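Presented as C-alpha cells, the chain that follows is alone, the form predicted on its own.
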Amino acid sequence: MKLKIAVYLFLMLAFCAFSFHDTRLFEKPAGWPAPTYNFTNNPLNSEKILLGRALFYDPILSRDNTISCASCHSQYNSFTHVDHDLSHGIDDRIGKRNSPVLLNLAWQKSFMWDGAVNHLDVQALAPIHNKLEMDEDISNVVKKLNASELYRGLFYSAFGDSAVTGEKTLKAISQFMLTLVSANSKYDKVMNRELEFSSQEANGYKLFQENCASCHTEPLFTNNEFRSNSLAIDTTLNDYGRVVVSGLPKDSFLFKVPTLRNIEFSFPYMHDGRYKTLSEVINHYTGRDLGTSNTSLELSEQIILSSKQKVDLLAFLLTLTDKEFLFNSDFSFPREILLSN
C-alpha cells in the first residue's frame, strides 16, 4: 500500500511539473486589458516554450524542409518580412498577402488579415497546409518529428511523454508566440513616467489621438477589428478581404487593423505590401476624400495635415519601436538546439 501511495504521489508531482502555468513567463503590462487567450487550456512552462521556439525556426514544418515560420516572420522586423511585398513560400511560390507581424498575440481574438483563424492554438495549421507557403500536412509533420531523436527528447521535457502529436506540436508553437510581448518602447516609458516625449513627438501624439486612435487603439495600437481604408483593389491579386471568410457582402474589402507597434521596422505596409514607407501611408490617409462606398466610418471625414504635422505624426510613430523586443535573445534562433542536431 505504501509503495502504491508513493508511486501515485510521484506521478501527481510529475504531472504538476509538466502542467503548471508559470506566470513569470507571461506578465500583463501595467494598464493593459486582460488577455483574451485562455491560459488554463495551455499552461505555459519553459520547456514547452523552448520546444515551440525550436519548431518556429525549423523548416521541418514544410514539405521539403526549406521553409520555417521564421522565413516570413523575422524577429528584427517585428516578426514579419521586409524583402518583398508578398510572402514567399516553398518552391519560390508567391503568396497572396504581406505577412502580418507577430506580437501581443494573447490579446487577439482572430488571426490572419481576414480573420480566417479564430484561435492561436490552431493558427500554425494555416501556413503549414497552405500550398503557397509550407505545403505540408500536420500528420506528416508529426511523422517527421517522431522520427527525430532531438524532438522526441524535447517533447518528453515539455510534456512528460516523447510521443509527438499534432495537438502538442501546435500548442508548443502557440506557447512560444504567446511570449512575444512588445511593451517597452519609448511610448511605454512615457506612459510609465520614465521618459518624456519631445515637443515634436508630443504634438504627433496629439495628432494621432485625434485622427488615428479610433482604429489603432492604445495600448495595443489596434482594435483587432476589420476595416476598409479605401485602398484600391489590386487587379492582380483580386483580394476581397474578409468577405471570403464570412460570406457577408458587407465584409467586402475589410482587412484586420494591424498593430502600429514597431511599425518603423515592419515595412512594407498594408495587406498587399504596396507602401514601402510610413510617409506613403500617412499620405494615403491625408489630404483627400476617403469616403467611398466601402470605406469604414472612422475615415468618413477628410484628414488634413500640413507637412510639419505629418513629420510630427511620423516622429510619434517612431516612439512605438521596442528595441528590447526586436533584439531579445529569448525570441531568436535557438542555435544551441537546432545546430546541435
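Quick note: we count residues from 1 along the sequence shown, nothing fancier. In this text, all values refer to a predicted model and were calculated from it rather than measured experimentally.
Although it is not shown, the form predicted in complex with a small molecule is what the next lines describe.
**Q** Select from the listed residues Leu154, Leu145, Ala183, Leu231 the one whose heavy atoms reach within 4.5 Å of the small molecule in the predicted complex.
**A** By the 4.5 Å heavy-atom cutoff, the listed residue in contact is Leu231.
**Q** Name the residue from Tyr205, Trp107, Phe111, Phe159 that puts a heavy atom within 4.5 Å of the small molecule in the predicted complex.
**A** Checked against the cut-off, the match is Phe111.
**Q** Look at the candidate spot formed by Ala124, Arg227 and Ile263 and say whether the small molecule comes within 4.5 Å of a heavy atom in all three of them in the predicted complex.
**A** Heavy-atom distance to the small molecule in the predicted complex: all three under 4.5 Å.
**Q** Hey, of 188 to 196, 137 to 145, 242 to 250, 213 to 221, which bit sits against the small molecule in the predicted complex at 4.5 Å between non-hydrogen atoms?
**A** It is 213 to 221 that comes within 4.5 Å of the partner.
**Q** Find out whether any non-hydrogen atom of Ala315 is located within 4.5 angstroms of the small molecule in the predicted complex, and reply yes or no.
**A** So Ala315 does not count as contacting the small molecule.
**Q** Spell out, yes or no, whether the shortest heavy atom distance between Phe56 and the small molecule in the predicted complex is within 4.5 Å.
**A** Close contact exists here: in the predicted complex, Phe56 approaches the small molecule to within 4.5 Å, heavy atoms only.
**Q** How about Glu298: is it within 4.5 Å of the small molecule in the predicted complex, going by heavy atoms?
**A** Taking the distances in the predicted complex, the answer for Glu298 is yes, it comes within 4.5 Å of the small molecule.
**Q** Can you check whether Asn42 is within 4.5 Å of the small molecule in the predicted complex, heavy atom basis?
**A** No - in the predicted complex, heavy atoms of Asn42 and the small molecule never come within 4.5 Å of each other.
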